Ligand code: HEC
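Shown next as structure tokens: one chain only, the form predicted alone.
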Amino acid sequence: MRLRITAAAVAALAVAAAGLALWTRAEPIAPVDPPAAAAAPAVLAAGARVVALGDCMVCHTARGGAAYAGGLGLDTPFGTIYSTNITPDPETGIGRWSAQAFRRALREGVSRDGHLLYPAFPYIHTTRMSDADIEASYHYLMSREPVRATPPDNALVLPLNFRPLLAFWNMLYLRPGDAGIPARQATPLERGRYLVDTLGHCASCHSGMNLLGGERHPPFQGGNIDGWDAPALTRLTGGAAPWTQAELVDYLRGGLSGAHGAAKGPMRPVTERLAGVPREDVDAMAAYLMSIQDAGPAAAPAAAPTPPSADLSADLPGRRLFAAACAGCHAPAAPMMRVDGRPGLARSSAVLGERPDNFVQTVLHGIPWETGSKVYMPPFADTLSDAQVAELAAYVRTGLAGRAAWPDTATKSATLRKETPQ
């Protein structure tokens, strides 16, 4: 009897799942032949600009893989989602997608064949892209070299690997857009809002997620991505080392601010893409971000840099470690500190952050060398223990920056060492 009841329940669930799949699946859009010729140079240039502003290559390129060929694993609280191939390969990419299918994916989160896309693809933001930007980005991607590459299967927990359930998520969080703000008609502030909210989808990282995987509101209050803290974008002018608009432009365009330090972790490739767009776009983004700052009281200013003492006999926790591993580059008299006006650690965003995550990540994994980059730091994961990382953090945070020490940094180091091996 119990077996028959169980079988009936399973059958009912199967019927319900099948019905839900039919109800949520959109009509497929017929495949087309890949374009025979590339679009006009002006259209391709506009598309390259849009794709760079949207950071498309950042997520759609696996480590060591071909650009835009997908396969990058995006870790979420619900499992790993692998980005798709958006090169014009006709079999594994978007080579047989029409402009209509491409537009539907960006506006509605629906693939060409009708299945729902996971919101790791930020369609809740790209839904507000202008028609002109969607068209230009389509032609640019179709002009890329086709790459035959199939990403691994997603590794999501049950029942979240059942795509039709995304229909309910979309009902909560997808607000189809109004075709955006035409770039030629927008004021700089309007243009900045469009770039931050829509193309740049900055809220995806800088807002954090709720239990359902939706972005927290109000947006831009800070989040955590891949073990890195994404700071609140509404408190840039009120922190221990307040930002100016000019400093923010320098950081976004070059990945290095003379007053705050270097871009690290997931933010570094974003700044690499922004380095290739017109300055007016980054100026507009910075202007908009400065316009949304909280009006609360400013935090106490950071203490002035205190150079490490040459007399190591009066030891403080981490002083010897700093002298041995860090002073060659980060002491005030170090030659590197004279290059490009680099800031001391007392003003580094990673040191002044509310949490130790970014400092620990940087110490453990360094900043990889990239051709043409002004920033490099070797990793110390194989050199320093978690206890030593904690001692170093305490010395830099209290002895150099004059801030209260972070609690339980050794545990944080052990966690990040395990979760983000590099």
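Quick note: we count residues from 1 along the sequence shown, nothing fancier. From a predicted model like this one, the values you see are computed outputs, not experimental measurements.
Heads up, the form predicted together with the named molecule isn't pictured, but that's what we're talking about next.
Residues within 4.5 angstroms of the named molecule in the predicted complex, judged by any non-hydrogen atom, belong to 226 to 234 and to none of the other stretches in 142 to 150, 208 to 216, 169 to 177, 226 to 234. Only one of Ala263, Ala240, Leu160, Ala259 comes within 4.5 Å of the named molecule in the predicted complex through a heavy atom, and that residue is Ala263. Just one of Ala287, Val277, Val270, Ile124 comes within 4.5 Å of the named molecule in the predicted complex, counting any heavy atom, and that one is Val270. Although the partner is absent here, Pro368 is not a contact residue: none of its heavy atoms lies within 4.5 angstroms of the named molecule in the predicted complex. When the named molecule is considered in the predicted complex, His330 lines it closely, a heavy atom lying within 4.5 Å. Although the partner is absent here, Gly222 lies well away from the named molecule in the predicted complex, with no heavy atom inside 4.5 Å.
Using a 4.5 Å cutoff between non-hydrogen atoms, Ala381 does not count as a contact of the named molecule in the predicted complex. Using a 4.5 Å cut-off to the named molecule in the predicted complex, each of Leu106, Leu248 and Val363 places a heavy atom inside that distance.
Interface residues of 57 to 89, taken as those with a heavy atom within 4.5 Å of the named molecule in the predicted complex (partner not displayed): Cys59, His60, Leu74, Ile81, Tyr82, Ser83, Thr84, Ile86, in sequence order.
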